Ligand code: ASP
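First, one chain by itself in structure tokens, the form predicted on its own.
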């Protein structure tokens, strides 16, 4: 029987009682003679609490020191779970990301995995132990601790599943699976039994918090089936895989929303070659992710250029862009942080017309103004007023009849 990789989120480990419940679930899998690797997040709100503490002591904490601080949350979780498993009579060992062989690049707070050496994990599994790994973290070439960014424990789990050639990677969280929309916003949201990698990747990238987009991308590249399910019940979850049946590829599959959005507009930009590069290259070097980009039609040799970044990056981005704008003789730079993205996702959109029109009409019917639009083959995203997100999600869910089962 192949190796099973399970990942448990922070809400699943928020107390001693919940850690014991996770241990019982892990033991149930191990008793079936299933070799098992467990990846854990930090307990409850530990990461947020550590960030707040750091910011009380420094307005902008040093990236290296902050990564080392935040990595302690997952280390605490994995040692507590291993202790619990041993107390329950099962041999277990906890490993940090570095001990588990996870090597990353040198980008603090959003590091990427460059390689995984599974030899330590394989030795422990061969000895009959349950291996508990601290998610979200690794080690760079300088032997410094790095973190993988929000949701990075998902990435750790799928990366380990890929390198260990696991039959399945189970992601345990506080919801039953992947829904057609956030059920906290749309009560009629329906749980999906399965979804394709490409659809899940778009949903995750554009706001669906149930899975980290980098984890889905890894699963797709290495062909790792992923199941998302709740750690609080035995309900079947949602299977994320590549073998979708034809019958469910004919409609919008889900709606994602993201309120972590800020827009920066450079006004009066001279319209000449090299201007866009001079703006975006420094942002890339600072590891600031730019998403939606819109440039107006040039009039009299000048144009306006708008783009979005996360709210947490907007101040850093403005400090980079403002001097460049002065250098290229742009008229001004302004920012806004009261925006959100809402997206419809479905593989059927690449083969049939009319989806954009239906989306725009649904938003118009609710008097929701569209600030910017971006698309892919299977996604349409609109930038709107953040205060109207709930209205937008509910209107789109109704317009595309997502409360109805797939045909």
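Predicted model only: the values in this text are computed from it and were never measured. Residue numbers count along the first chain shown, from 1.
What follows is about the form predicted in complex with ligand ASP, which we do not show.
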Pick from 318-326, 145-153, 269-277, 106-114: which stretch has non-hydrogen atoms within 4.5 Å of ligand ASP in the predicted bound form? 145-153
Checked 42, 26, 345, 382 for heavy atoms within 4.5 Å of ligand ASP in the predicted bound form; positive is 42
Heavy atom to heavy atom, is residue 74 within 4.5 Å of ligand ASP in the predicted bound form? yes
